[in-house]
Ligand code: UD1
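As structure tokens, one chain now follows by itself in the form predicted alone.
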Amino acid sequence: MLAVAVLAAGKGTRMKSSLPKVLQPLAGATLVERVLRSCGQLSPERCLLIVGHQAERVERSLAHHSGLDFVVQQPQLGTGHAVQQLLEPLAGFAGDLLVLNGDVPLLRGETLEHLLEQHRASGAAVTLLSARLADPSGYGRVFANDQGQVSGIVEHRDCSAEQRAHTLVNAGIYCFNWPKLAAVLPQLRSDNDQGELYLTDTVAMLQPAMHLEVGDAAEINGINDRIQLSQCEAVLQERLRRHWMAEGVTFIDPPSCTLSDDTRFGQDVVVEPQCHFRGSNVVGSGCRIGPGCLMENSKLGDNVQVVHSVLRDAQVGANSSVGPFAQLRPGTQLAAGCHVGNFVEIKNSTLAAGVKVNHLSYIGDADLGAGVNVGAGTITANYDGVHKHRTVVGAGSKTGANSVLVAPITLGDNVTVGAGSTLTKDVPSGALALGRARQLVREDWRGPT
């Protein structure tokens, strides 16, 4: 049996933010969400989040996580005090307790699996995660024999000059035999510089104590300020890019692009410089994205090209092109073979196969049939000042330059709209529609004198 406890009660003063530290965003997810994901594959029987600072806000942000128990730590008197709050919720629990920190978001699930496996195989009372750092300043040093048995942990400020040269550090991630830990938790004392109860002190009370050295020291990176947040973002982005390059995606300038965990790519995708993916995205095989694109919660079919454009909550069918300088807003759906060109904005609209909107147009709250050709500067006037109304254009129709379709309005199939027209009434199929003032020409015009 396994229980997981995540320490998430801290304020994070050095972040200088009204947002609790564990709710700071990292590659599209909060720090604490990333920690919870890292242990998800362990399938724990219990998952407990120890909260304190802005506890209600943290709980609301995680309301969608089922099976998560919240334990309040008030006041916050150290990591040992935080885990003491579990004595009642875990009364009678006879399994192992994995203790994680809500501000250490880069741990891999495989690392935690290995930690748990070694802990159980060794029969240890506690197994802690360790790492070797080129600069171990600020970390407690771990002293252990060749078999991995820990003889002691010395905090940085208490180390001698010789001990400070030791590079094996305590990552603050523990796997405990819960009944043994529960027996010693009440013995913790706060006679230290901070006047707090340290979970680290339990290691000396529990035997045998073992450690597992993590292969990638970046996994234990904690976040206390925005500099460290940016450093973790860089590590995570590098992981994501390397993963997708191994899966057949080409990044022309990898460091200039950022990804989200929930972005998926097909094979033979080319991502040009300065492209950014937010939320949940799907990019089909053979697509070419960028340069200079933003995709958020959008889906592209195969062989789509997008250049210098923004897509949010949009879907684009196969063999379509978007941009440059186009914006597809939420609710936009393009079928196969559509072309959306420069300075075009589309919102909450459906474009059937082969529709072309190539220049300087706004299409909002509209349904365009197959093969419609939208002339430069065409506008669907969808808002009457109170309500939004829909425009419907039948298959094969075409609008001339600088046309305005005042919704609600329906154009049948194969309608031709003359350039410069403003239409306010429905048009039947096969018709020519003109709605402009008669041209007036006065020859030999001298102007006012």
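None of the values given here were measured: they were computed from a predicted structure. The term rigid core refers to the most C-alpha atoms you can superpose between the two forms while keeping them within 1.5 Å. Numbers follow the displayed sequence, beginning with 1.
Another form exists, predicted together with the ligand; not displayed. Remarks below refer to it.
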Heavy atom of Q237 within 4.5 Å of the ligand in the predicted bound form
no
At 4.5 Å between heavy atoms, is L7 in contact with the ligand in the predicted bound form?
yes
Do P179 and the ligand come within 4.5 Å of each other in the predicted bound form, heavy atoms counted?
no
Taking the ligand as it sits in the predicted bound form, is R436 in contact with it (heavy atom to heavy atom, 4.5 Å or less)?
no
Stretch in contact, per heavy atom within 4.5 angstroms of the ligand in the predicted bound form, of 347-355, 114-122, 239-247, 76-84
76-84
Among G172, G364, G301, G375, which has any heavy atom within 4.5 Å of the ligand in the predicted bound form?
G172
Ok, P273, G152, G222, G109: which has a heavy atom sitting within 4.5 Å of the ligand in the predicted bound form?
G222
With the partner left out here, which residues of 91-110 have a non-hydrogen atom within 4.5 Å of the ligand in the predicted bound form?
N101, G102, D103, V104
Once the core is aligned, does G292 move its Cα by at least 2 Å between the shown form and the other one?
no
Using the rigid core as the reference frame, would you say C338 shifts its C-alpha by 2 Å or more between the shown form and the other one?
no
With both forms fit on the core, has Q231 moved 2 Å or more by CA between the shown form and the other one?
no
